[in-house]
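Shown here is one chain on its own, the form predicted on its own, set out as structure tokens.
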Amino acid sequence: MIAKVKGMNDLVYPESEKLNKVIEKIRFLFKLYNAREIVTPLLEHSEVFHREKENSDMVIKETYDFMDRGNRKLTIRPEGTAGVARAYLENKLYLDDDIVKLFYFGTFYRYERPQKGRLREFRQFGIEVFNSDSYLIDLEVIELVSRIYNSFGLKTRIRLNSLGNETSILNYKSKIKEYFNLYKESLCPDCLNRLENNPLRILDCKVDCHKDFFKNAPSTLKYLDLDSKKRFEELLKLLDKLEIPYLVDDKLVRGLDYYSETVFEIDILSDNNDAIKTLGGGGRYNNLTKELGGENTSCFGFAGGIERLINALDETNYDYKLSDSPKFYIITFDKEFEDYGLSILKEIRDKNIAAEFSYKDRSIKSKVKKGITLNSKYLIIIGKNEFDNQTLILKDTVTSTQEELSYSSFKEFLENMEK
């Protein structure tokens, strides 16, 4: 037997239904904020992700890259932001010179060690807001993200930081490089490489992050210029006013190189307000569209893992309200009554009510048992008498009561159910 590829997964019921329920709820909340859905290709030209200024581990180590038959280098998307930004430019969504809010759901691929909540194939939802540099947009996205996770009954907190503008980042990179040079012998191999090529990424290291010298690294906040400092302070004031729980984390830099100014992640909290796990993150990226060949466009976005969210919901015994059973199960006593049974089945489904038919050639006892196993609310039973008189037996499996109805009376019953 051929097995699935390592790091990939099959979603069978009820996991597939959980996924749809979660997406449905998030989509509703995105629309509440006047965002519009965008669907981008699974494949992009490699330059969309492998940009000159992007040196993150995700791009260097984890992308699935290949040459197609036309000798074009393509990449299976590892994240959503770059593809959405490419689509924003290519489809000239900037022409109306207004704020553009785009949300998405999708499957993404990274060649990394499979772990719980993050396989090599994984799903994310996200939002990208273009054409506004206002910290009010930072606030709106952060408030929306909090609303999404809180709507599922999760206790969360925003963890955020400011990297500042380009000048602030350059000053901080110089300082952080100088600092970690003092501890070169204690850095992991990846961080030694980052020290030369991209020192900010050291702060995102999962190997060295628990070491004392790492914890004492310089704060990004000390290197903000006046404009970036004021911007961050105003954002924090509004978070306080809206009573959105947050924690300033001056070591938070995120995993991609296009971020500037505000960056944030959202954590699930325990009853003691300790962070249990991170569900997603985002921030401001004002240079990405230029790196993709367009004009500089102010942008702010967020992406969250759907599998991570579902795992967190399962741990809280969240009620997905799964529609896991047909309302009606139709049983015919003999093959000659099937046409009549199928006409009743169509009548039910025409009313957008879930129903199933006893297609298999089983004994009547087995058919009844199957209907009950499916948790059907009603069994419809058709024997010779019902076929001859164009009636049916309607059995309520909850109350164990039953009645004989004419075909027209049953149609009235369906109408009343809809109401």
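Since the structure is predicted, the reported quantities are computational estimates derived from the model, not experimental observations. A residue's number is simply how far along the shown sequence it sits, counting from 1.
Another form, the form predicted in complex with a small molecule, is not on view; read the next lines as being about it.
- In plain terms, the part of the chain that comes close to the small molecule in the predicted complex, with a heavy atom within 4.5 Å, is 271 to 279 out of 211 to 219, 93 to 101, 180 to 188, 271 to 279.
- A residue is said to contact a partner when one of its heavy atoms sits within 4.5 Å of a partner heavy atom; Thr289 fails this definition for the small molecule in the predicted complex, lying far away.
- Proximity of Gly294 to the small molecule in the predicted complex: non-hydrogen atoms within 4.5 Å are absent; the residue sits far from the partner.
- Using a 4.5 angstroms limit between non-hydrogen atoms, Glu143 is distant from the small molecule in the predicted complex.
- Among heavy atoms of Arg118, some come within 4.5 Å of the small molecule in the predicted complex.
- The listed set Tyr223, Phe122, Tyr135, Tyr88 contains one residue whose heavy atoms approach the small molecule in the predicted complex to within 4.5 Å, identified as Phe122.
- Between the small molecule and the residues Pro245, Gly305, Pro199, Pro326, the one pair within 4.5 Å by heavy atoms in the predicted complex involves Gly305.
- The candidate site formed by Gly164, Arg231 and Asp257 is entirely out of contact with the small molecule in the predicted complex, as no residue has a non-hydrogen atom within 4.5 angstroms of it.
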